[in-house]
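Next up: just one chain, as structure tokens, the form predicted alone.
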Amino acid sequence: MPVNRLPALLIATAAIAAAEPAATKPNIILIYADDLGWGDVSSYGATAIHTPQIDRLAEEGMRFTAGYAGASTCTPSRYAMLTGEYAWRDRGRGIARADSPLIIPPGSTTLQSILHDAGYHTAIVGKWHLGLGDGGSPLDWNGKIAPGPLETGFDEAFIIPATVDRVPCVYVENHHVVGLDPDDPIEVSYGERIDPRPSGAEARDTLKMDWSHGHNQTIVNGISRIGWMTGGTTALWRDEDIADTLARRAVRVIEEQKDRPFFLFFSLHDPHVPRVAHERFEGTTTMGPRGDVILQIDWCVGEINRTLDRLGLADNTLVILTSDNGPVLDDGYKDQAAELIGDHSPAGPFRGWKYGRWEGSNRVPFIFRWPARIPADTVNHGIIGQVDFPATFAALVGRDLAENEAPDSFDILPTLLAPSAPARPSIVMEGIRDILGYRSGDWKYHHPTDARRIAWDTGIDIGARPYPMLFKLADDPGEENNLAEDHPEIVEKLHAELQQIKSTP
């Protein structure tokens, strides 16, 4: 058990004893955006864009200002959130390729398995990106695709296997590709070129969205991707329809499970690249495709809100809205995200982008709405993390966790039910290349590292420095004034705490 977990657990236990149990188990819907920044929604201060459905969640629930993703990239964030264990504890949990094997061991304790065992119907709709198959042989996209989400505790799955900028560009329902014609089998390669058709590098002038770096291999729907793919023509998605397809499937889960407790992990693709909004959202903001797909996210949230209202489920449904990491502008396609940004600040007052260990890289929107139990229109400045979900929901359903289950997860249920209850005392942040930041109270420490910038040099500063950095976040949310030389005793203390956490299994 990490040394920084025990005080919070003692506080949480006392607060739970004082809290009244819910009359019935709440439904739980986790809406997980992809690359949505702290400052990208109007309830967090955005003025160039208006997100009324997300704002409704904040107005009717609790909005956290210091909520953190598990990492500043997608796969490790998802791993930490679903397992309650920091992904950086194993180097094999970095950004997964579309043909990577499943990185959550089948049968292990996960957020979804905890809720499944408590009688919930568990479903994932949307982006997965945690690997598929056992790695023993190449994944067969034309047969049974397993192990996958079902082997980690989900009862049903309708997923995008990895990211939309990677092949294969198909949906997988439970264990099989949706809409596949057996006479047109899928073949995928991330090494040898297998697609004889012109690539994105060779037919650049034909693309509906040009690429800026990478993303120039097989072309699907006029957009070139990472990796090579042939076949599967009838199964290919149209990017413009992805949000609608996922929203319809999410609504269907709610409708089918309305008479029993359910957990829905609604894992959005937007605003990850390629940013291609449905035609009805195209051009609806001044910020180009990135702004348009943020409005598309808000519409998806609205579909959930409207469905819960229509079915009379809103009062006893816990809806969570958050994002897998901070924002990014140029992430491989020329969609004018940087040119049209104007005065909008995707990370709010914080420094950093996706991939880094800065606050803007890891601090994300974090909203909880549960009208039956959570006070409305509440703002909480306590530290919480997505890694806390397994312990929190275990407490919610009365499931005791063993010491080796969800080892980095804190129970934040008391904080949700009583805003004055303490949250986490500290949290570890992960950037690409395994660089770590550590926040304890109001202090933020960056340990020295010789890691370089990300391989494709887009000018993103990931926060790698060969010397320690220390920031007082209340005075310096932008992490501009390094106080390490002024407070060596604090540097030493936080370094020791981080090392202790790292050395504790």
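All residue numbers refer to positions in the sequence shown, first residue = 1. In this text, all values refer to a predicted model and were calculated from it rather than measured experimentally.
Not pictured, yet referred to below: the form predicted in complex with a small molecule.
**Q** Can you tell me which of 149-157, 314-322, 239-247, 349-357 lies within 4.5 Å of the small molecule in the model of the complex, counting heavy atoms only?
**A** Stretch 349-357 is the one.
**Q** Going by a heavy atom distance of 4.5 Å, is residue 369 a contact of the small molecule in the model of the complex?
**A** Answer no; every heavy atom of residue 369 is more than 4.5 Å from the small molecule in the model of the complex.
**Q** Determine whether any heavy atom of residue 73 comes within 4.5 Å of a heavy atom of the small molecule in the model of the complex, and answer yes or no.
**A** Contact with the small molecule, yes.
**Q** Should residue 290 be counted as a contact of the small molecule in the model of the complex, where contact means heavy atoms within 4.5 Å?
**A** Contact with the small molecule, no.
**Q** Does at least one non-hydrogen atom of residue 204 fall within 4.5 angstroms of the small molecule in the model of the complex?
**A** Residue 204: no, not in contact with the small molecule in the model of the complex.
**Q** Scan 226, 104, 337, 417 and let me know which has any heavy atom within 4.5 Å of the small molecule in the model of the complex.
**A** Looking at the other structure, the residue within range turns out to be 226.
**Q** Of 424, 215, 344, 373, which one comes within 4.5 Å of the small molecule in the model of the complex, counting heavy atoms only?
**A** By the 4.5 Å criterion, the partner-contacting residue is 215.
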